[in-house]
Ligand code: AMP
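Quick heads-up: it's one chain on its own, the form predicted alone, in structure tokens.
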């Protein structure tokens, strides 16, 4: 090998915030705070606070490689932790507050966290869980002394602002090996124990830069973006690292993510783009309908986490809000594909564009895709063949953190990561997720995509949300059952929904029954929990299953 004569300077996260403070000093970070009210700051003002926090972490005894946990919502202090922890070479372990207690016990102990920072509205959770976590762990409430929570189980807790007080406002950020861990996020553990994805300094910086190549309107200097996707999950899809590099204004929504509160933030802060999961956008669309207009400046929504119904995409697009449908995984940093239309498709009629945006987009630079059959043989990207989706790239894990068994099961012989999704890929690169392998319904030797049935059902105006699962059948092995939530003020009959479905899918794919419920169970990351539904409806009697 003839080695290139280039400087070997590592990709470190501290460089992103330093760049933002220098080149985009007035870029805003606006937070709806837990204490109440709104906090406003800039990248230039944030950098010295991050330096103070870095000094405070060192004073607490945090060393390179130590795990520093967070249990917090989207706010400026959480953003500061991303950079202070990673900047000194420690690992920012973001924890989902919505996880079950058993999962929280496992995750914190498995990660061996040294310090835990938490939002004050989560103080009761801390008091409850503290006895189950490492005895010597240090706790910091993300507030000033006046708001420091007290009570049984909260003894000896530090106040965030007290730690920063008196610390220097400059920090000589070290040059850290770019392959060193920088952030840790566990899967929600819907099957088995949660598994940790340990991202490196290099991977998160490359992921941030790769995202910028996709051509999204939201990622342009001066744009205002509201991440509904939480900072506690998969680096908020990379936005905390991308934002200062490009100079975005970030609007942090805090804990209130309902339709009315989101609408007000979008309107009052002149937000152009917002990122989140479909369940969040259902609430926003209902609020838009109530108020009779969209938030004034909202021009784009990024939808990820689970498949967006066509009806949702159409609702946004027809009010001139562009939809970018994306796909990814915790194990992928997380973005894999983005629904920015190919140049040749942008001038197509609206309905054809909506059809394309219903797909999961095209691969981001740095992400390779392949689909394989049950024998592991590669299938063509012809838009017809479907198989399990495998991925590889510099933003994709090479193994799970401290979990050799799970790692051994996750990769094929060539080192590609198995996603568990069944997909098709078109000749021009569009990814079409058919279903999760565990969510496919196997009926009489044929596979039925729950996503296809759900998307067809959402075209009925009386359906607010739905999920399709397979339930046992004596003849066909499994048949689809639909569980649906009625839209506000609507009272759809099962036969009316069936009539809508018959226009979109084959007769053998139709659900054998439709059950209406008040609400659908959600996972800790805001997705519909089909695992819960399968348990709940395991013994549901189908009409023709005698």
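Positions refer to the first chain, counted from 1. For clarity, every value in this text was computed on a predicted model and none was experimentally measured.
Although it is not shown, the form predicted in complex with this ligand is what the next lines describe.
Novice: With the partner removed from view, which of 343-351, 280-288, 418-426, 454-462 is the stretch that lies within 4.5 Å of this ligand in the model of the complex, judged by heavy atom distances?
Specialist: Every other range fails; the passing one is 418-426.
Novice: Quick one: from 249, 330, 201, 94, grab the residue that has a heavy atom within 4.5 Å of this ligand in the model of the complex.
Specialist: Exactly one listed residue reaches within 4.5 Å, namely 330.
Novice: What is the one choice in 305, 393, 322, 196 with a heavy atom within 4.5 Å of this ligand in the model of the complex?
Specialist: That would be 305.
Novice: Whether residue 436 contacts this ligand in the model of the complex should be assessed with a 4.5 Å heavy atom distance threshold; does it?
Specialist: Yes - in the model of the complex, heavy atoms of residue 436 and this ligand come within 4.5 Å of each other.
Novice: I'd like to know whether residue 527 contacts this ligand in the model of the complex, with contact meaning heavy atoms within 4.5 angstroms.
Specialist: It does: once this ligand is placed as it appears in the model of the complex, residue 527 has a heavy atom within 4.5 Å of it.
Novice: Does the 4.5 Å heavy atom contact test between residue 224 and this ligand in the model of the complex come out positive?
Specialist: Residue 224 lies outside the contact set for this ligand.
Novice: Just checking whether residue 188 would be counted as a contact of this ligand in the model of the complex - the rule being heavy atoms within 4.5 angstroms.
Specialist: Judged by the heavy-atom cut-off of 4.5 Å, residue 188 is in contact with this ligand in the model of the complex.
Novice: Taking this ligand in the model of the complex, which residues of 474-511 have any heavy atom within 4.5 Å of it?
Specialist: Nothing in this stretch is in contact.
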